[in-house]
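Starting off, we have a lone chain in the form predicted on its own, written out as structure tokens.
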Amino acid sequence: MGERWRAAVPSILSVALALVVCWIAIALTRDTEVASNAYLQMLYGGIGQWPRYLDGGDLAVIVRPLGEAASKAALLILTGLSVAVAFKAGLFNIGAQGQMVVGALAAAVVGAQLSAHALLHLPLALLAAAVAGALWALIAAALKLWRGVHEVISTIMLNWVAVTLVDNWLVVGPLRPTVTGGHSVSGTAEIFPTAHLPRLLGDISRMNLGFPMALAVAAFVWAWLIRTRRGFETRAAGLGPEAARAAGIPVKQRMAEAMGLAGALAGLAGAVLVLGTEFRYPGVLGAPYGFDGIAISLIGNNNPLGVTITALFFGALRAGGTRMQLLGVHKSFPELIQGLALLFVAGRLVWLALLRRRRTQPASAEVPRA
């Protein structure tokens, strides 16, 4: 077994165990038939009802669920990469949620307040979101590198600063839209159509440009970390700051760059949410995709490829979670599966010990010949 696959085995086993545990929980509270059907409905909601389509059904039964899964996976990819990039530099970015919030607000403001051609408007909104997220993350980086404040503490605090500043003041105050016709509107003003992320399959599905963009960003992050000198220096700084410093690597600069990139990725996730599905900053950005990114990154072993695969998997589960309600099973079960998988991944040393024992058993069982 290759080294990369060996590193991925604990995550794969953790997800499988989480699926089994949640199935047992449904079976014990309901029955085995309901548990199996609930999982089947979750699968249909994530990747489409292929049996129905193959029997002559409408194409919508495939592309509509795939669109929902892709929309959620795009956000999980970007926030998961945000945590993974910072981790590679030896930093634990708990602040992806706050960075996503300020990025979403920046995208909403540029999308609603600026009038421009689509070829210019959309890139400007995305750029504004990335810059806002990066600047918010760099606050924590500066506190870490020049004042010694641990990034876990500062990023957690900055999460709530962002939520309070945006949701409790800006959105309900200075950025509140003008009420017309006696109708109240929550959140900011609606963005112009020129700032919308184009839908790839038309009105039949909500899959938009944010999904391939997230995949392209994941490929860029992988290439940056693995194929470039700066990526190598970033990883070296994360593995051993003192050794990297002795080798002439500017450790503080690489850490700051990684944290800025992490914030930009989370800000882009906010932009994808606003420009792709919400079309305004909602009254409250209730989706905790920034916090979910922590789980996605850890389950994906902080590797861009692992993060992408994990995000695609849990994006499909989340899209299908609502269909479980047809059988009286709560739609939050995909989140429970994700949480249990993270809990089991935290015990990866146990998985590695079991795998090591399995590899050494055949050798130890051999009896030396006389």
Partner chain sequence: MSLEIRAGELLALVGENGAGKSSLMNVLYGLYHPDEGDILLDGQPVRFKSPRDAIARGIGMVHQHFMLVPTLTVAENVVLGREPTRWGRLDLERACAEVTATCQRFGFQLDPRARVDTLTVGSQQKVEIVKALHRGAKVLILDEPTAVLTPQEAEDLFRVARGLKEQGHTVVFISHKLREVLSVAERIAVMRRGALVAEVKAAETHVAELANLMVGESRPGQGTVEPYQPPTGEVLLEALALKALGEDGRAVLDGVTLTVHAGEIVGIAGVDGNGQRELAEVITGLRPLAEGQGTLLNRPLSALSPDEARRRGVSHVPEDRLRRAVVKDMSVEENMALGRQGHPPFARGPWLDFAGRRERTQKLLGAYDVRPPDPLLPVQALSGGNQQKVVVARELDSQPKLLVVVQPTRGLDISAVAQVHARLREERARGVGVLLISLDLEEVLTMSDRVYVLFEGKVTGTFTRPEFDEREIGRRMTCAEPAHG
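Since the structure is predicted, the reported quantities are computational estimates derived from the model, not experimental observations. Numbering follows the first chain given and starts at 1.
From this point on, the text means the form predicted in complex with its partner chain, which you will not see here.
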| item | value |
| --- | --- |
| Distance check, H117 to its partner chain in the predicted bound form, heavy atom within 4.5 Å | no |
| Interface membership of P198, its partner chain in the predicted bound form, 4.5 Å heavy atom rule | no |
| Close approach of Q113 to its partner chain in the predicted bound form, 4.5 Å, heavy atom | no |
| Close approach of Q253 to its partner chain in the predicted bound form, 4.5 Å, heavy atom | no |
| Candidate stretches 120-128, 223-231, 257-265, 103-111 - the one whose heavy atoms come within 4.5 Å of its partner chain in the predicted bound form | 223-231 |
| In the predicted bound form, residues of 230-248 near its partner chain [heavy atom within 4.5 Å] | F232, E233, R235, A236, L239, G240, E242, A243, R245, A246, A247, G248 |
